[in-house]
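To begin, one chain is listed below as structure tokens, in the form predicted alone.
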């Protein structure tokens, strides 16, 4: 198959179309505006829904409505605008609807700017809605993964009837790489037992998150967590690189892994036993693999373009088996390969 030079945001948009997205509802916020731009051109020609909403809140609630009818729907936005969607996202999780959200991170807090940053890990993984709920989170590292994980986002959303966030960043959204647009590789999941399509020839049913009876709400939350347990057991995904004999393992996520992998290669040339583990699913976090690696390495170094967010999940997974160190930077220039090499050498030298 011939590869095509494509910008990350366009790759995500075309992958969503290939996955069968029936409706896109969005609001323009940099650095992900090209997703909505692309959808505005393509979706009407395919007789699919495209709406530029009046606000981020309007967009995510339109997604909620479309998904309740069994349609594949998505929105995309960035950072402070994703913050405005948190209430509706917890409604979507409570209603068990298969929504897809693309979050292309920019620097913060608040409005911040479009500098390189990974400060929305907590927002994506923990969320800002109320109550007990979880959202599946996938983090691409390349433009090709923007395509592959968009496909997977739609599949997992349908499979588990759960919102899924594709967590990219401004670098991935704006950069161009040669990619392949393969056909959507996943089976379609039937939805006729829950989708709202009218009450003709069957009993009426509703999708709702309000429940006044304590015992009924408790049962529903317990059922949600039974589902989350299945997700945690079956959907942990990661990239493992040169960890077999590594005395130091660097963990990172998203596009930063590109520089980390280059730094690992450079350190290997210098005889240093270092490897990389990159979580692809931020939820479910690859706890089992990290626990396995903690038994045979001497130290884990977490590198992030933030002030320390994923590091807490790594520490919980390691559970004190080996030291966990952190190196991070909030905003500005990307962490260079040379800087990562220096940090690796320092941590190995400190034993």
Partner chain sequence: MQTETRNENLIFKIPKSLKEGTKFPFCPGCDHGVAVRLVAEILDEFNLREKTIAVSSIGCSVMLYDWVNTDCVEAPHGRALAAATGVKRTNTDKCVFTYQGDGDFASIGLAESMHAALRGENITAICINNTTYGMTGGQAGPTTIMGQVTTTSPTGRNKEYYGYPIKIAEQIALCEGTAFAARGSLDTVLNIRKTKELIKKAFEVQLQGLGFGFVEILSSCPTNWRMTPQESHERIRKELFSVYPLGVYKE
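Here the structure is a predicted model, which means the values were calculated and not measured. Residue numbers count along the first chain shown, from 1.
Quick note: we don't show the form predicted together with its partner chain, though the next part is all about it.
Stretch-level contact check against its partner chain in the model of the complex with heavy atoms at 4.5 Å: of 91-99, 276-284, 118-126, 141-149, the positive one is 91-99.
For the marked spot (62, 69 and 198), a heavy atom within 4.5 Å of its partner chain in the model of the complex is present in each of the three residues. A single residue from the set 182, 219, 268, 205 has any heavy atom within 4.5 angstroms of its partner chain in the model of the complex; that residue is 205.
Checked against its partner chain in the model of the complex, the candidates 132, 226, 87, 245 yield a single residue with a heavy atom inside 4.5 Å, and that residue is 87. Proximity of residue 50 to its partner chain in the model of the complex: non-hydrogen atoms within 4.5 Å are present. Contact between residue 291 and its partner chain in the model of the complex is not found at the 4.5 Å heavy atom cutoff. Heavy atoms of residue 319 never reach within 4.5 Å of its partner chain in the model of the complex, leaving it off the interface. Its partner chain is not drawn, but in the model of the complex it has a heavy atom within 4.5 Å of residue 209.
Residues of 29-60 placing a heavy atom within 4.5 Å of its partner chain in the model of the complex, in sequence order: 49, 50, 51, 54, 55, 57, 58.
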